[in-house]
Ligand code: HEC
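Shown here is one chain on its own, the form predicted on its own, set out as structure tokens.
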Amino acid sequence: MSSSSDNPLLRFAAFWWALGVFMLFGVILLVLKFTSGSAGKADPLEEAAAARRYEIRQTVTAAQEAALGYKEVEKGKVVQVRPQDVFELVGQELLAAKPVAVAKPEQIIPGSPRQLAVANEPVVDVAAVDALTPAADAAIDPALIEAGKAQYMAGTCFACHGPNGEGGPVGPTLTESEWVSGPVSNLIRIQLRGLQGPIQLKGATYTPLAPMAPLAHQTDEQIAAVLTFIRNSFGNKASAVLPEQVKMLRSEVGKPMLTEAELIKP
């Protein structure tokens, strides 16, 4: 009588079982290879956002190395500054400094007496601002478009309006928008003061889930660049925005958020 190990049926079953395990192992390796390959692809949005983080990190590192680096105290004698010496010097300078009030309109508390006072200040002549707008067919420096694109991707713009300007529940679409290609003063004022409430867009009423917060902390050049990029992307074609135009409307900072009624109809 033969043992169970010599049973042809058992050997046949063991063969196919081993073959199935081998094939399953191969499928798992293919899946892992495919997923790891996809994960390794560069994400342009993440790269754009990371570029700014790397820039800030390099600036901080350079400042630290300059403060704690080696100094030539006299010819031929180089020493490294001790951290405690740096901290002591900074502390002495802070104690000797006399605090001075700094006007930061972009940090005015909404609803505060200061904001109410600012709200009553006269509005800048927006017609004079729009009169400076270059001709629609005037050439635009490609570097300005690229700078605006980086600003758009690295800031909060794409988070609300989408990477392709498609918009969403938080921010309206920017694609072929009459507001984007309309008067420049509208876009600058929205950037400096924010926007709340419904707005007519492409023949329909758009009501965002939350108002657009003001982004007045950006420089005149940054605001001009990002607005120029928006006005020449997502199916839009319009003139560039000048830093001078942004500067002319800086007095708008700190005022309450705009509504559609306060803007120029495109």
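The model shown is predicted, which means the values in this text are computed figures rather than measured ones. Residue numbers here begin at 1 and follow the sequence given.
Beyond what is shown, the protein has a form predicted in complex with the named molecule; the following relates to that form.
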Partner-contacting position among L132, C160, L144, V81 - heavy atom within 4.5 Å of the named molecule in the predicted bound form: C160
Can you confirm whether L192, S233 and L242, the three residues that make up this candidate site, all sit within 4.5 Å of the named molecule in the predicted bound form, judged by heavy atoms? no
Among 24-32, 205-213, 57-65, 43-51, mark the stretch whose residues have heavy atoms within 4.5 Å of the named molecule in the predicted bound form. 205-213
Please run the contact check for A238 against the named molecule in the predicted bound form: heavy atoms, 4.5 angstroms, yes or no? no
Contact of G182 with the named molecule in the predicted bound form (heavy atom, 4.5 Å): no
How about A224 - does it come within 4.5 Å of the named molecule in the predicted bound form, if we only consider non-hydrogen atoms? no
Heavy atoms within 4.5 Å of the named molecule in the predicted bound form: does A150 have any? no
Near the named molecule in the predicted bound form, with a heavy atom at 4.5 Å or closer, the residues from 166-192 are V170, G171, P172, T173, L174, S177, W179, V180, L187, I190, Q191
